[in-house]
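Only one chain is included here, represented as structure tokens and corresponding to the form predicted on its own.
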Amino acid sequence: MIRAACIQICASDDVAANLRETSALIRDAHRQGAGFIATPENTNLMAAGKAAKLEKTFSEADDPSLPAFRALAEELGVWLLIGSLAIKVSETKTANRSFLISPQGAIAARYDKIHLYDVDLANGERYRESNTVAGGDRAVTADLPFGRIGLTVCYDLRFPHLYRTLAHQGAFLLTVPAAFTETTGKAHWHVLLRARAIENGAFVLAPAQCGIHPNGRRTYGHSLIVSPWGEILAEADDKPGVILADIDPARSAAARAQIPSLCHDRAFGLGDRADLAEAQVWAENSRDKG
């Protein structure tokens, strides 16, 4: 068993300030007994636009936040998941990259967000993450002393097959660092996180951004820790802070024994290419019509 913590922040476009504020909350979580601590998506930067983002991001080798977080994990002797940092991978794009850091300060795993948030919301909000982010292409798990975890980021939450893949690879704990919009958070955040926990018999840790950011974007907050049975073990409000819960791998094993759906998965066809193409055209036309 391990005590896990989610850090909730309201990141700005000031990388140094974000580092200070996040580090203070990580120390607070450690004082409360947490041995596994997770921060949200975009921990180091929520910029006002593409140009501002690229100006303030660096390659992994040159990023100023990463060595500081590595040193902090080693100092505190904790497993630290930095939900994501914006890491420059070209002159025009960054990776939205999670880093799992060991208590020795080593990078134990990296995960680049696979599914990019390109949407038009009914209230007029428009997001094109693919304009500035290069998406990842592989699922990532990592072995910790208390069990195997699966790494995801934010919009990945809407793609249940990714979580099924991680569960089949042995992950009993799924991490979902996020910067959910206030609009979609109110509608879908709780039900999606509980569904991913229930259908996979896994704990879900979802540290979130909250508040109003430099580009005017509002994020929902409400970081959650969910049990393999779908119970909400801890929930934040809409302000920066820390939530904690005890994580026992035996509870995941018990849930999977009671509802052994992972053992009952079956392969099935998805129709021919013509059917899929027709469905895609219908979806695009429906979106254009609002």
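Note that this is a predicted model, so its numbers are computed, not measured. In this text, residue numbers run from 1 along the sequence as written.
Another form exists, predicted in complex with a small molecule; not displayed. Remarks below refer to it.
Segments offered: 198-206, 67-75, 103-111, 152-160. Contacting the small molecule in the model of the complex at heavy atom distances within 4.5 Å is 152-160.
Heavy atoms of no residue among 18, 56 and 239 are located within 4.5 Å of the small molecule in the model of the complex. With a 4.5 Å cutoff on heavy atoms, residue 172 does not count as touching the small molecule in the model of the complex; it lies far away. Although the partner is absent here, residue 42 sits close enough that one of its heavy atoms falls within 4.5 Å of the small molecule in the model of the complex.
Taking non-hydrogen atoms only, residue 129 approaches the small molecule to within 4.5 angstroms in the model of the complex. Contact check for residue 81: every heavy atom lies farther than 4.5 Å from the small molecule in the model of the complex. Checking 217, 190, 164, 148 against the small molecule in the model of the complex, a heavy atom within 4.5 Å turns up for just one residue: 217. Contact annotation: of the candidates 46, 224, 247, 26, the single residue with a non-hydrogen atom within 4.5 angstroms of the small molecule in the model of the complex is 46.
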